[in-house]
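One chain comes next, on its own, written as structure tokens: the form predicted on its own.
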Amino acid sequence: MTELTVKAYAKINLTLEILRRLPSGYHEIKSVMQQTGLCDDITITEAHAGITIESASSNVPRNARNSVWKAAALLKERSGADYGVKFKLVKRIPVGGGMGGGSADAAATLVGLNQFWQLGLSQTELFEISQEIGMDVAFCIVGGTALATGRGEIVQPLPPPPKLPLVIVNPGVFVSTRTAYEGLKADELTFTDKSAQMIDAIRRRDFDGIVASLHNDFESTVLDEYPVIGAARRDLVEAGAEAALLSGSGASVFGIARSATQARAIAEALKPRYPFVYATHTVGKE
């Protein structure tokens, strides 16, 4: 094999509950995560030595700050693979947008290189490597729909929901995940186990139940701190989405539509207002 192209799918959080701060400084969470059709493409080719990243995107680092680089370097170290590799990254997922773009790229790199170099590593072994990159990487390896607990690294696959038409909006601001966590107040968190409600709705393939169970604890602070994100959320609903929600700590928000036709119409209505608007849908595990 001299070339392999893998897709790195963006995620949304159908629920995101922050349970408590751990002694390590991380937070314990419970989140129903879902992959979407929005994706980056990563093409892997042989190289004489080292790790090289090419991308037409100006905001993509070409060095060890890139999650693709980190994943490749860790895989080389852990497996003993002494190969050079070149990556061509086509970036579509908004950088720092709360959709796990970096985690998705890292996961696709681990899975892709495991195949490309014929390493034969198990999913469990890839999980272990992923912990040194980021908590969402494990979910991105599993894909589809899953419940993430612990710090996000414990992933339990779930059955897929009915295909949900989505409109993703990113208003072009940056939200620091650290700042978003620091802004959380205990009395603003919800402990009604929205994730359990969401899982029940998914298992019943209940569209209205899924819409009613959407929840993100970060909304209590992020939407007040960044009015443009709250405006994007409202605009999605006013344009016809059944409901809209912040993904991760933001800045991306997503709306759920009744149909793909409606999602496209909402996207067309909002494109003049925001730098990134994308109509897509939920996707299952490949």
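Start at 1 with the first residue shown and count on from there. Since the structure is predicted, the reported quantities are computational estimates derived from the model, not experimental observations.
Just so it is clear, the following notes concern the form predicted together with adenosine-5'-triphosphate (ATP), a form of the same protein that is not shown.
Engineer: Is there a non-hydrogen atom of L89 within 4.5 angstroms of a non-hydrogen atom of adenosine-5'-triphosphate (ATP) in the predicted complex?
Structural biologist: L89: contacts adenosine-5'-triphosphate (ATP) in the predicted complex.
Engineer: Residue-level question: is V68 within 4.5 Å of adenosine-5'-triphosphate (ATP) in the predicted complex, judged on heavy atoms?
Structural biologist: V68: yes, in contact with adenosine-5'-triphosphate (ATP) in the predicted complex.
Engineer: I'd like to check something about A231: if you look in the predicted complex, is any of its heavy atoms closer than or equal to 4.5 Å to a heavy atom of adenosine-5'-triphosphate (ATP)?
Structural biologist: Flag for A231 set to no.
Engineer: At 4.5 Å between heavy atoms, is L110 in contact with adenosine-5'-triphosphate (ATP) in the predicted complex?
Structural biologist: It does not: once adenosine-5'-triphosphate (ATP) is placed as it appears in the predicted complex, L110 has no heavy atom within 4.5 Å of it.
Engineer: Among 234-242, 221-229, 24-32, 57-65, which stretch has residues with heavy atoms no more than 4.5 Å from adenosine-5'-triphosphate (ATP) in the predicted complex?
Structural biologist: Stretch 57-65 is the one.
Engineer: Looking at G102, G143, P161, P171, which has any heavy atom no more than 4.5 Å from adenosine-5'-triphosphate (ATP) in the predicted complex?
Structural biologist: Answer to the contact question: G102.
Engineer: Would you kindly say which of G209, G183, G96, G150 lies with a heavy atom within 4.5 Å of adenosine-5'-triphosphate (ATP) in the predicted complex?
Structural biologist: Among G209, G183, G96, G150, a heavy atom within 4.5 Å of adenosine-5'-triphosphate (ATP) in the predicted complex occurs only for G96.
Engineer: Taking adenosine-5'-triphosphate (ATP) in the predicted complex, which residues along 1-30 bring a heavy atom to within 4.5 Å of it?
Structural biologist: Contacting residue: only K11.
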